[in-house]
Structures are given as C-alpha cells and as structure tokens.
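In structure tokens, one chain follows: the form predicted alone.
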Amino acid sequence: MSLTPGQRAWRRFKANRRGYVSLWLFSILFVLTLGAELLSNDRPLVVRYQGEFYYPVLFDYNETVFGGDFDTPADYLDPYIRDRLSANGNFAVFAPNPYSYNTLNYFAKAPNPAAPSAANLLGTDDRGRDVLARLIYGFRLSVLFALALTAVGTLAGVLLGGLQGYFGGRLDLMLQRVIEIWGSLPELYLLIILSSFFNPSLTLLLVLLALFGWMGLADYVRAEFLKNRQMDYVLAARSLGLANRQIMWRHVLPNSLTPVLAFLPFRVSGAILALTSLDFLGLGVPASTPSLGEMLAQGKDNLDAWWIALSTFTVLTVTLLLLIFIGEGLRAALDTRKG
C-alpha cells in the first residue's frame, strides 16, 4: 500500500529524533501550562469544611465561611485559615505549587526577593511573588500570544501572497509597492508612539505586530504561486472551466504550503522573542501580567537575586531551542528530494 505525501513527510519527521522529541516535549509543556490554575494557585482546588465541600479555585469565599473574623475574601496562606481547614476532619487540596502569579505572601519569613527555598522552589521576585508561578503563567501567555500572532500573520501572508503570485500583473506590482512602503516604516518607533497614547495590552500588541508580521511569509507564498500557476495541472484545471477561486484553493495552495509549514515553528519562536523583548523594554503588557520579559527586566534590576534572571533565561532558552529543533525537523521532512 502506497503512502500519501503527508504520511511520507510524517515518517521523515519521526526519523529526525531531535525534532520529534522536541515536538513532544514542547507539546507536553504547553498542555500542562494550559491548566496552570491546577498546577500553581494560591486557592485550594477543593475544600471539605464541617461536612460541606467548597471549590475556591472556581468561587470566592469569605474567611467567615471557614471560621475567620472578617467578611473579606479568604487568604488561604494565612496560618489560622490553614489550621481551620486541617482540623476536626476538615481538609483542603492545594495545587502542587500553592501560589498564583500575583500572590503576595504576607506571612513569608524571608525578605523579598527571597532565595529559592522549600516554600518557594525558585524564590520570589522583588515584590514577593513566586518566581515558579510567574514562569508557568508567563510561558502559557507567551505561547498563546505567539500562536495567535502566527495564525493572523500566516493567514494574511498566504492570502496576499497567493493573490500576488496567481494573478500577477498590475495587482502584483501594486501590492509589491505597498509592501515595500509598509515594510520601510519604523516598527519600533510606532510601538513607542502608540504605547504612549493607549494603555498597554495584549490585544494592542497583537494588532501592531500582526500589521508587520505577514510580509516575509507573503514573499515566499508569492514565489510558490508564481511557480505553480504555470504547472500542467493548473492549465488542465483552467481548460476544464474551473474558476480561479477553485484552482487556487484546491490545486495551487496545497502545493504551495511547504515554506508556510516549514517556517511556522520559527515564526512562533520569533513571536515569543518579540513579546519578551518588548516586555523587557516596558512596551509590552502591563506590569501585573506574568511575562518572561518583565521577569528578565526584574533580574537586570536585581542582580543579587540571581535566581530571577537565571530561571527565566533557562525557560526562554529551552523554549526557543525546542521550537528551532522542531522547525529544522519539519523543514527536512517537507523536503521532497528525500525518500
């Protein structure tokens, strides 16, 4: 039984052990961080108190519910509340790391930033927030942002590059001039100017980066469409009376996706690096948002707290290395010259 081109490409990718293992490691890390609230949270996942079950991870409860004195949200790091939750047959199930990305432990014994310890495995930052928790949430934020930016940029690049390459002529010439003019605009300066007018947010950052992130991919897609539109199968489809839309979608596009797929991991890694760099410069997300770039900036400002920069740099380096290895394996797998 003969294999399809996709099955042959997958076999070639699996033969590249470094890329295949990197894909599994990256996927496992990403899936785990999607449930970050179950891995790192200052609220118990479930509480049994005086015969009743409570779910603080989903709902807010005042400390009076658990025998406290104040009608305010319960602080589950408070030793008194913890004693109440563990006395007389009561129990509470906490996440493996009992801190969220914005948790301030007012009952910590060491001053901030605190070195790694049994209470905080990777220490705390200069505001007393758990470094491990911020890394977990920051990794999830970076990957989700990178995937969204890659998806938007890929769709725009494939659409505009495909139109240029298939129709050519004046449309191609006009869009090329637009790309040249748009690409000459100083992206960083525009980010600085717009960040002074608008409050920093992920949505604003996504829109701004997406406006410039499609041009490189559009060039590759344009070249593939220019080549494939002259192939015999395209000429045969035209002679059969198929519309241009059908020819582009059914025939030209599937045979032009090799550079798109090969560059996807590199585009994801570039988006992660762009978000980290902008956050490091203070042009990215708000300071309260867990971000790898913000943690690197904290490490720069607190050189004596070596654990902040070291742990963040390690996470960022491993993430980028995994994506690069995946991209190399994918590029080799899509090389049709290999058997």
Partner chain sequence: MDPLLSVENLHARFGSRAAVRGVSFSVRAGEKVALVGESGSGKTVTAQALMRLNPDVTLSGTVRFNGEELLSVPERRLRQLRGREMAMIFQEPMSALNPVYTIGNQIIETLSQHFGLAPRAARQRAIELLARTGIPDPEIKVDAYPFQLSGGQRQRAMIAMALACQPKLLIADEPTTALDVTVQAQILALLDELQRDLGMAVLFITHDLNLVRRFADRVAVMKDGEVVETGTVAEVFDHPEHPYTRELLASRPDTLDDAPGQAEPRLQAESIRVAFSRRRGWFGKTVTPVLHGISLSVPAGRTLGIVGESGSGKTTLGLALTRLIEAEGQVTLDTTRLDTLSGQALRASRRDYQVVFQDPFASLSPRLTVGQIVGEGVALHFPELDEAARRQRVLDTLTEVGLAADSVDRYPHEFSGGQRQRIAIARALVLRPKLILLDEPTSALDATLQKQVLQLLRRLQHKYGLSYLFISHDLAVIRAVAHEVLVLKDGKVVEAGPTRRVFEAPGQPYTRDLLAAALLGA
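Everything numeric here is computed off the predicted structure, so don't read it as measured data. Numbering follows the first chain given and starts at 1.
Absent from the display: the form predicted together with its partner chain. The rest refers to it.
- Residues of just one listed stretch (95-103, 156-164, 131-139, 239-247) have heavy atoms within 4.5 Å of its partner chain in the predicted bound form: 239-247.
- A heavy atom within 4.5 Å of its partner chain in the predicted bound form is found for exactly one of 171, 235, 115, 144: 235.
- Its partner chain is not drawn, but in the predicted bound form it has a heavy atom within 4.5 Å of residue 254.
- Its partner chain in the predicted bound form is not approached by residue 190, whose heavy atoms all lie more than 4.5 angstroms from it.
- Although the partner is absent here, residue 258 is a contact residue: one of its heavy atoms lies within 4.5 angstroms of its partner chain in the predicted bound form.
- Although the partner is absent here, residue 211 sits far enough away that none of its heavy atoms falls within 4.5 Å of its partner chain in the predicted bound form.
- For the three marked residues, 4, 8 and 231, a heavy atom of each sits within 4.5 Å of its partner chain in the predicted bound form.
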